[in-house]
Every structure is written in C-alpha cells, then in structure tokens.
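Taking the form predicted alone, here's one chain by itself in structure tokens.
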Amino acid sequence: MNNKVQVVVIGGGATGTGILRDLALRGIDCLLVEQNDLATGTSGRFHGLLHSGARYVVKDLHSAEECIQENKILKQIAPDCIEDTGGMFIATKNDDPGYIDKWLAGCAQAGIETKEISPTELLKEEPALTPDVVKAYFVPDAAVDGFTLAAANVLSAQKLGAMARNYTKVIGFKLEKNKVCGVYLKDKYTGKEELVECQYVINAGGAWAGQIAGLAGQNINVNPDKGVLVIFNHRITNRVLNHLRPPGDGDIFVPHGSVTVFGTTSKVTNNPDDTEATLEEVLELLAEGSNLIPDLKNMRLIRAFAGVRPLYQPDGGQLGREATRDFTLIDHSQLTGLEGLVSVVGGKLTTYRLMAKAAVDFVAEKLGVDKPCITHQEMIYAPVPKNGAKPGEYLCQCEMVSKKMLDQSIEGKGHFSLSDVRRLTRLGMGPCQGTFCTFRATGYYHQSRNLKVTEANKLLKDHIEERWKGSKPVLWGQQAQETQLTRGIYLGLLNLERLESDNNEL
C-alpha cells in the first residue's frame, strides 16, 4: 500500500465514505480507514429513514431544509440504495391540534410538499393504523439502506483510484510543528502497525469523533445519544409512518425489505459502543408505538438493537432531542492552532453528501485544488445488486440472497465475516434471523473459498452469536418459538458449542 497520500479520511460511515468519493471525484489522492466494517456505527444502526425534513420543521427549520434538498438529490443519484416508499404523518385525537398548523407552516417554509388524505381513505390503504386518526398527510420520506450506501460510495471512489481499509484503527497522529503530518494505523486482524503520511486528515468518526480528535490532543464536545429500535417480521405499513407531534420516543415506523424497523428512544450515554437494547427499553417503545398501531404488542418482534447519535454541542448546550440535527465543520487550526486536521460532526445520514461537500470544499482549498463538487450529478451503484436468481438458487429465502450475491459481497476481500456479507446482501436479516441461511452460506464459502474447517466454523459461530444478541430482548411469543428452533438446529444438530474454530478475536 502507498504509505503517503494527500488526505486520510477516518470513519467508514455515510459521511466518511461520502467524503472519500468527493475527494476522488476532485482528483485528490485519498485513503479511508475504518476500525470495523463499513457502516457498523451510526450509519448502520438507525431506522433507515431518508428524511423529507418534515420531522424537524417546527424546531429545526435549517435541518429540515437541508434534508429535503438532499432527499431529492439522493433519490436521483443512489436509486439502488433507496426504496421510495413515501411517508405519512398522522395525528390522533390525543394529539395537540395546534401543533398541526405549526407543522404545516414549517413544511411550506422548508419547501416540503404535503398532501392531506382523509382518515377514512388512509385506513383503507393502511389498515394497521389506529382508528383514532384525525389528520393525515403524505410527505416524500423514503427508506434508505445505510450499509449499501456506504459501500456504493466506496466502490465509486475506488474506481477513481481511492483506497479504503476496513478493520484498521487509528492509534495516533504524527505531529510536527503543530501540524498533522500522518496517522499511525493498526490492522485489527494482523496487529501490524504502520504510518501513513498525509497533508490533511478529515475526522468523520461520528460518535467516536471526540475520541479520535483526542489522539491529536484536541477536544470536541460530542454527546453520544443512544437510540433503541426494534424489528418486526413483516411490513406493518407500506409507507414510512410518523407521529404528527413534537419528536419523541417511538414515533417512526420504516418498512425495509421484508421487515419493519420501529423506534426510537433518546438517552444520553458516555459510550459510543453502547449498542445493546434492554427488555425495559423495548417494552417502553411498544407501549408508545401502540398509540399508532393498536395491535403492535401482538405482532412478532425478531430483533432489538441500538445506535448512537453523534450529537454536537460546542458549549455543552442542549442534549438529546433538544439538540440540533445540523452539522458542524471544525477547523482545528482556528481552535488550537493545529494545522492539517478538520472534523465534521453532527448531522444526519440524509445530509451526509452535504456534510462531505463542506469538508472537501474546505480541504480542497487548503490543497490548492479548484475542482468543484459534482457528487450531486454522478450516479452511485450498489456493489451487490439483486440478480434475479431462480427461487431454488437462493441461500437466504427471506431476503432472496443468491450464491452470486455472496460471491460479489466478498470480492477482493482477504478477511470477512458473515456479518460483513449481511450488510451488503441482507443475509439473515429477514424473519428467520439467520436460522437457515447461516449454515447454508457457511457451507457455500467453505467449498467455494476452500476455507479450513476451523475458519468455516468461526464464520458460523460468530454470525449465530451476533444474531442472538439482538434476539435476547424480544424472547416471547412467536420469536421465542423461532429461537427454540434455532437452538435445536445449532446446538442439537450442528453441536455449535463444541465446534472447533479459530477463536482469535478481532
């Protein structure tokens, strides 16, 4: 690998991968490093909503305006990553009618198109909704796949000569005369350490941005905010469902593939790795969501998880839902005199391209590059498109994942896990949560990649254990029955606990 580039980007979420693509399109030599796999932080742990901005129009108009602008752009340039479901905001008889007028005025001011539909007509189209709907409006929300989006950005950048390294952690900065001149990296598989010299570093570490900046002696007041979400085994509604009230817990339902993601909560945390949901948090969500979907508690849950929002408040400021969803570009030379480092913090996945543009505009000017941003014009494509295999050829029948898709998902990779494959193909993300496709995919890779038995066993064990983490908080009813089936297959038939495997941890 080239140990000298113009720009190093830290963070493999939507923003970091968007920055890499923007840099590459402007002809800037760049490298992205990510401590885990792409989109394993906030960009892969959210409800998957491509915001229209309607959620923010009353209290955060500027963010709402950015969301609708980027919503329109992303639908044009990244159709492989987006399902244009449309969205709806509904108010019930228990909601403040005065808020509706404020919301409509805000949508008009932000340029967000709304269309009223009568409750009677809406209930014909969306029968799962509460009969207590008094007002309903359609908005241009959509569902977005954060995993595919990040990978598509990287693929686009790599075609232009950019480099990206997963499972590579930044462990320090090379500083000379109060200027960043490089980053020290450690490969999480091999333990090898190396220095990559550069002219500029862009910190796009999301909830970890404060920790990253700290390695260079910088202080960023990032406030990690934990949000819990749950997944149901079917599409409850055809459109994104929002509660027409001030943003709160449990007021967004997003259809994704064959499932529905519902959330979220807001709780300040000190740990950006605080991503496990508790039973209490799940029950609180269900109680709140039942106001919109009366039969919610009887529907089958298949998973619960949490993500951490990278909220930024330079002076402490408001926390949680009171904090702005706007983003900030931090020039560290203006704060402490340290040259060569810029951090981009806050924001939302919907505005990632705009965040990337701001960061690259700044760095390009510092490097003397005068090429404009064209990321709003150039298309990006999923690295693993659905390929229309015959029904019998699918190894994951819930999400229609074929052998060809498994091959495409690991192309060029020396190391991979089934979770890495899942992020690009949705393997194991459907109703059975990997019960049947995990052993099928493992067997396929064992044969096609000539894996050692211990390597194949590790693939299988790690994936089943990862799926188990999300199932623990929702073990009742039909999901408990499904889990017993999983246990019977993997502990009984396949003797999972005694499988010999490579137990080296990443």
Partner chain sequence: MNYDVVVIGAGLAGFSAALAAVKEGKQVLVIAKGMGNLYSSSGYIDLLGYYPTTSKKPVVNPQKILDSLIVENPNHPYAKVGKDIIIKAFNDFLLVSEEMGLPYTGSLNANMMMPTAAGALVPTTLYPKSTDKKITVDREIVVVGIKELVDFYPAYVAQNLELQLGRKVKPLWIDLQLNISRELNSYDLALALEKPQVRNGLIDQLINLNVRDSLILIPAVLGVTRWQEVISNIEQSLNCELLEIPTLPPSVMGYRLAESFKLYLKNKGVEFIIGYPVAYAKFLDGYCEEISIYTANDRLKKIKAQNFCLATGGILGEGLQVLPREIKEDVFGLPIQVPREYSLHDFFSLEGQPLSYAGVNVNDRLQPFDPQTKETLLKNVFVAGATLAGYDPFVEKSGNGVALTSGYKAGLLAAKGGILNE
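Numbering follows the first chain given and starts at 1. Here the structure is a predicted model, which means the values were calculated and not measured.
Same protein, other form: the form predicted in complex with the partner chain, not shown, and the subject of what follows.
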In the predicted complex, does each of Phe439, Ile464 and Leu494 have a heavy atom within 4.5 Å of the partner chain?
yes
Within 4.5 Å of the partner chain in the predicted complex, counting heavy atoms only, one of 55-63, 37-45, 22-30, 469-477 shows up; tell me which.
469-477
The listed residue (Gly368, Gly191, Gly392, Gly388) that reaches within 4.5 Å of the partner chain in the predicted complex by any heavy atom is Gly392
Gln397: heavy atom within 4.5 Å of the partner chain in the predicted complex?
yes
Contact flag, Glu411 vs the partner chain in the predicted complex, heavy atom cut 4.5 Å:
no
Contact label in the predicted complex: Gln69 to the partner chain, heavy atom within 4.5 Å
no
Considering non-hydrogen atoms and a 4.5 Å limit, does the partner chain approach Glu280 in the predicted complex?
yes
What residues, if any, in 482-499 have a non-hydrogen atom within 4.5 angstroms of the partner chain in the predicted complex?
Gln484, Leu485, Thr486, Arg487, Gly488, Ile489, Tyr490, Leu491, Gly492, Leu493, Leu494, Asn495, Leu496, Glu497, Arg498, Leu499
